[in-house]
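Below you will find one chain, with nothing else, as structure tokens; this is the form predicted on its own, and questions on how it binds or moves follow later.
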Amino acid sequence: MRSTAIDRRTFLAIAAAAGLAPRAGFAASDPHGALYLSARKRGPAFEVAVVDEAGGEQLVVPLEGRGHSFAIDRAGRQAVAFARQPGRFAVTFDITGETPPQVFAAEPDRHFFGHGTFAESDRLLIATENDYDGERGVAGVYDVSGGMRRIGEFFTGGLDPHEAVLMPDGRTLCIANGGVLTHPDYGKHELNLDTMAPTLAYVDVSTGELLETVSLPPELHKLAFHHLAVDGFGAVWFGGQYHGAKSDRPPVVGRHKRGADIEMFTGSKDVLRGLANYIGAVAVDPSGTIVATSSPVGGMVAYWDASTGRSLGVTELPDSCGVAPGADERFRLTSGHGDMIEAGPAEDSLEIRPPGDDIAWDNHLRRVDAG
């Protein structure tokens, strides 16, 4: 197999791209309002955009290739943008634009899965990664104060670790292990569909100790866990991506509480059909009581009561994937067609930013509360 190590020329190209956003060009953001972060494609260029509540651009950070999601520190000041799987670069940047962005790369025998989180009072960055030759998922541990120097890793409890979220206790990490075996020599081609085994894993971030793993019944073993959010009651909500027959209609939204079995929710037949066996992102509203799950395949965002799992309604938006908390019981939604709207369980929606012919928002949208 060919080497997938990042070479010096590639690394310098990434660094040069990140350096294209000069400090003098950064706009000052509203210190009192929320900001939203998303990767996007604008014309031929890949970049991160930071926008305010009105959809106005506050910061643009160029990327070497397609981006995916972010880790954001507790102060809402520093963020890390990860390359899309099987990407090898990440860019850390100051959300206010006061310091230039910096690039760092995955180890030569690892690649990023597009997600990460700050931990240990923001001293550490945890990134989900693929040990593809070892055929296992790992969480890379990076020293934030040391310039994102990689200082270790731990097993994630499965294959294909995607999103990882820090639980309310501040020391337990929940990781969505999709269970799919891939190798960058074959792109995103799945190599083990007959034996894939998705898990949710809880890990002590201080020690790397695997505390608990849970899995689905055998008949749902092709439902890969990918995206997570923690509701106001401390339960983890997840969205799955089904690798079985397209004619199947398994539940793809679920909830888990430590020490209990996984609960799955379907909503009505129309909701289940509209989600099209694919959840692209999960978010919880500011109150912690409403969950949103997006399906870019089905062009739908479905809403759920966090306490009961009851379906609350849907918003239809073609190629909708990015979803983040909005105002009150609403959510900010983005699409691959450039849409940015505010919507919720009520049928009405508010256009925040009209779609642009040259803009395609990528999979994830994250909210940062300033101040």
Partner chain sequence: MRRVLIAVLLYLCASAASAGVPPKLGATVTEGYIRPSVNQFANSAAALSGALDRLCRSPDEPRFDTVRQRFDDVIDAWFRIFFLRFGPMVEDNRFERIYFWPDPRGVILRQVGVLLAKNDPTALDPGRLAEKSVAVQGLPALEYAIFGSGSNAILENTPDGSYRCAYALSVSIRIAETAAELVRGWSPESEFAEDFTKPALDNELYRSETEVAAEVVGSLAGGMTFLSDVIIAPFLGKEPEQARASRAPFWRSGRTIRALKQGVEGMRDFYGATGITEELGETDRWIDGALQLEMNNIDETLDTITMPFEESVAPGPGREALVYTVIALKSLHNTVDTRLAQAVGVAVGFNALDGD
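Nothing here was measured: the structure is a model prediction, and the numbers come from that model. Positions refer to the first chain, counted from 1.
One more form of this protein exists, namely the form predicted in complex with its partner chain; it is left out here, but the text below deals with it.
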item: Listed range touching its partner chain, judged in the predicted complex by heavy atoms within 4.5 Å, from 203-211, 170-178, 77-85, 254-262; value: 77-85
item: Contact label in the predicted complex: Leu333 to its partner chain, heavy atom within 4.5 Å; value: no
item: Contact test in the predicted complex: Asp194 vs its partner chain, heavy atoms, 4.5 Å; value: yes
item: Its partner chain contact in the predicted complex: Ser121, any heavy atom under 4.5 Å; value: no
item: Any non-hydrogen atom of Phe233 within 4.5 angstroms of its partner chain in the predicted complex; value: no
item: Answer option from Thr199, Thr266, Thr92, Gln241, heavy atom within 4.5 Å of its partner chain in the predicted complex; value: Gln241
item: Candidate site His68, Ser247 and Tyr278: all three near its partner chain in the predicted complex by heavy atom within 4.5 Å; value: yes
item: Residues within stretch 133-167 having a non-hydrogen atom within 4.5 Å of its partner chain in the predicted complex; value: Glu135, His162
